[in-house]
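Shown here is one chain on its own, the form predicted alone, set out as C-alpha cells.
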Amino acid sequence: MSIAANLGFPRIGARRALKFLLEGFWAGEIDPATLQDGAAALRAAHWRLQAGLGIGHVPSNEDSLYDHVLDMACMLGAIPAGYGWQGGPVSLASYFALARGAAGVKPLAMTKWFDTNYHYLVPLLAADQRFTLTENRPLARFQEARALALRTRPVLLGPVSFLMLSRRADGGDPLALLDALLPLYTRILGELADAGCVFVQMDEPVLARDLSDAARAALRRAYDALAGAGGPGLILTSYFGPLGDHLDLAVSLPSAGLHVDLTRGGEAMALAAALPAGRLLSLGVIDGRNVWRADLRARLGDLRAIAARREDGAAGLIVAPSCSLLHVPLDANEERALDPALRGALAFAVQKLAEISALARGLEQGEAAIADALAASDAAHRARAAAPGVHRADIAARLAAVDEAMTRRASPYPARRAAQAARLGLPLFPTTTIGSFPQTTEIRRLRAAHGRGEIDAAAYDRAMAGWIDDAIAWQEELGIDVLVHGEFERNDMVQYFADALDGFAITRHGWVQSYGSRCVAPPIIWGDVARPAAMTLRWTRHAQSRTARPVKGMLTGPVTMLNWSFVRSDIPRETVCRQIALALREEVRDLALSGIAVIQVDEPALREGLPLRRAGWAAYLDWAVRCFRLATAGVGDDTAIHTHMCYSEFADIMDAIAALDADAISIETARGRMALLDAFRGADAYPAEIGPGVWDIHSPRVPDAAEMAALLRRARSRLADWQIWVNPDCGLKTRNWAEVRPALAAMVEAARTLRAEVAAAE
C-alpha cells in the first residue's frame, strides 16, 4: 500500500512556544530541566498531531533547541577547543556557546541553509578531526516516541552533506574526513536497528547542487559502507531541486528508497522507470516551501501516472512534502483575521499533512474515497483565480512601460562619488549603522496596543517621535557620521513594507524559524503589487529635521521582499519582483525629493535566491539586478544609494554585485575576520564603497575598540581607504541597549583610531 510520510515538522511549536522557552532559559528565568521538559512536551505533541492526521512515517530527531546541523556536530564530537566540552554528552552551556558565543569565545559561523531563509551553524573541523559519538540522539528520540506508543522514522543529516556543509580550520577539504566519520554513522544505525527501527530518513540535500567528481565518489563510498553494515532501511532523501544529472547516481546508491522533490522541477517518470522494483519511491508532491493549497486533483493524477509506470504500482510509493515543513508556518486555521477567500487558499504544515494523507488514501482507494477533499480543493482554486486584485490591468500597463533607461543611473559611479562627497562632507572611514535599533518590550507593547486600537494615533505618534528624537540625539553625541532613525515603528524589515503595499497579506501566527529563537512571519504575496501611499517618508523626514547630519532613508529591496515572502505561484517570480521594484522606485524618488541624501535599499536575500545549480544563475541574477536598479536608479547623482547584504559568499557573484551599481554596500565580516573582503579586494574587483561589519550582532558579546580597530586594519589590507565605511554587521533590533551603546561607542573610537593612524603616516 502507499504510505503518507512527513520529512520534518515546524520545531518552534504553536505560538512560538520553543522561542519563549529558549529566551526564558537564556534570561535565567527557567532552569535546564524546565527547558528540556518543555522541548520534550513539544516533540510529543507534534508526533501525536502528525500521527492523528494519518501520517504513517512520522519523523523524529528533526527537532532542535537551536539548529539541526549544530546538533549533528555536537553528537559527532566535532567541537572546537575553547567551548567547555571535555568529552561525553555536550552540556547546554557548551551547546549555546557554540550557537551564540560566550565569554572568551565567538559563536560558530552562520550561513543560509541552501536557498532558504533558514540559517545553520557551520561546523568547524580540524585537519585531524577525531569524531566521537557523544550520544545517539536519533536513538533517544526513537525510544522517546516509542514510550508514547508511537513509531517514528528517525532523520539524520547524511555524512556527505554534513561534511560538505562544514569547513576545515586549515582550509582543507572536509570530505577527506569521510572515512573517519563513517564508523559513527554505522554505530548510530546499528543501535537503531537493534531498537527495532525499520527505516531511517538519510538527508543528502547536496544532491540538489552541482557536485564534483570527488563528492560523487564520496557518496558512493559512504552508502556502500552503510549498506554493507546492515541496519535500518535508508530512505535517501534529496530536496530543494531536481536530481538532474545526479539521477543515475542517486538510483545506483544502495538504499531502501529514494525521496525526490517534485515541486521544483522533477523527473518522476524517469525515476519510476529507473528505480528497481522493491525499492520505495518517495514523491515530494506537496510544496514544503510555500503556503498555497495544492491542486489535489492534479497531484492525484500525477501520482497515478507514476504508479502506472512502476512494477510495484502504488504499493512502492510514499506520498510526502517536497522537504521538511520547517519552512512553513504551523496552522492556517489560526489566521482568522485573513480574508476567508485567501485563508481558504492556504495550506500551512497542518493542512499540508492533511493533503498528503488524502493523496495517499486516494492513490490507494480511488477518487471516491477523497471526494470531499477534491471538491474543496477545486473550489478553493476557482475562488482564488477570480478574486479581485489578483490581476490588475493598471499594474500590467506600468510594467509594460518600463524601459532600459529606467534601470540606469544618470552618471557613472566616479561622477556620483564626487557629487556625493561634496554634498555630504564625510570624514575618512565614515561611521553608520545598518538601520534598526533595539526593539524593546516597551516598543513592541506600544505597537501592539496601537494595532489593537487600545491607544490612539496621537499617543502612538508622540511615543515614536520621542524615541526617534532620543536616537538622533545620542547618535550625534556619540559621533556617528550618517544617522538612522532607528525603525522603532517597524516590526520586521519585510512585513512593515508588505503591510503598506497592495497585493500582500500579513499573518498573525505565520511564524517560521530563521535561526535559534529568531522567528519571522513572511508576508504572503497573493495579488498584483502596488504602492497606494508613501511608506517611510514621514518618520525619515522627522528624523532629518532633528539634525544637520545626514539621516539614511531605509528600505527593503525588491529581491529580498520577494525571497522573504511566500510568493504567489500563478505568475513568474520575476514578474512579481518587477512589480515590487516599481512600488519601491516611487518611495526612493519621494525620499530623494524630500532632501534625504543617503538611501539604503537592503538586499540581504539576493544570493539566497540563486538556483542551486550554476546553470540557472545567469538568468536569475540578470532579472534580480535589473529589479534592484529599477527600484534605485531614478535619483540624482548626489543621492547616495547604499545596500546591505548578509550571510553571502560573494566571490562567485561579484559581477552581479558590481552590476547593482550601488554607491556603497555593507556586509557581514566580523565572524570571518574580514576574510569575505578577499572577494572585494581592490577597486578593480569592486569599484565603489564598502562597509565591512566590525561587530557581530548575532552574538550578545560586545567587542572593544581595539578589536574593531584590528578588524579595520585587516580591511585596509584589502581595500582602499576611501572605500571603507565603519558599521556593525547587521541591524541592531535583536540586541539590547546595554550592548548597543558601548559597542557603537567602541566602533566610533575605532574609526577615529584609524583616522589618526592614517594622518600620522602622511
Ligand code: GLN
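Just count from 1 along the sequence shown to find any residue number. The term rigid core refers to the most C-alpha atoms you can superpose between the two forms while keeping them within 1.5 Å. What you see is a predicted model; the values in this text were computed from it and never measured.
A second form of this protein, the form predicted in complex with ligand GLN, is not displayed here; the remarks below concern that form.
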- Message: Can you pick out, from 300, 434, 670, 582, the residue that has a heavy atom within 4.5 Å of ligand GLN in the predicted complex?
- Response: 434
- Message: Using a 4.5 Å heavy atom cut-off, which residue among 708, 715, 58, 730 comes into contact with ligand GLN in the predicted complex?
- Response: 730
- Task: Using the partner position in the predicted complex, report whether residue 259 sits within 4.5 Å of ligand GLN, counting heavy atoms only.
- Result: no
- Query: Does any heavy atom of residue 644 come within 4.5 Å of a heavy atom of ligand GLN in the predicted complex?
  - Reply: yes
- Message: Taking any heavy atom pair closer than or equal to 4.5 Å as contact, tell me whether residue 493 reaches ligand GLN in the predicted complex.
- Response: yes
- in the predicted complex, does residue 608 have a heavy atom within 4.5 Å of ligand GLN? no
- Among 417-425, 140-148, 594-602, 353-361, which stretch has residues whose heavy atoms lie within 4.5 Å of ligand GLN in the predicted complex? 594-602
- Quick one: name the residues from 533-554 with any non-hydrogen atom within 4.5 angstroms of ligand GLN in the predicted complex. 554
- Message: If the two forms are fitted on the core, does residue 730 show a Cα displacement reaching 2 angstroms between this form and the one not shown?
- Response: yes
- Post core alignment: residue 492 C-alpha displaced by 2 Å or more between this form and the one not shown: yes
- Is it true that residue 603 shifts between this form and the one not shown by 2 Å or more at the Cα, once the core is aligned? yes
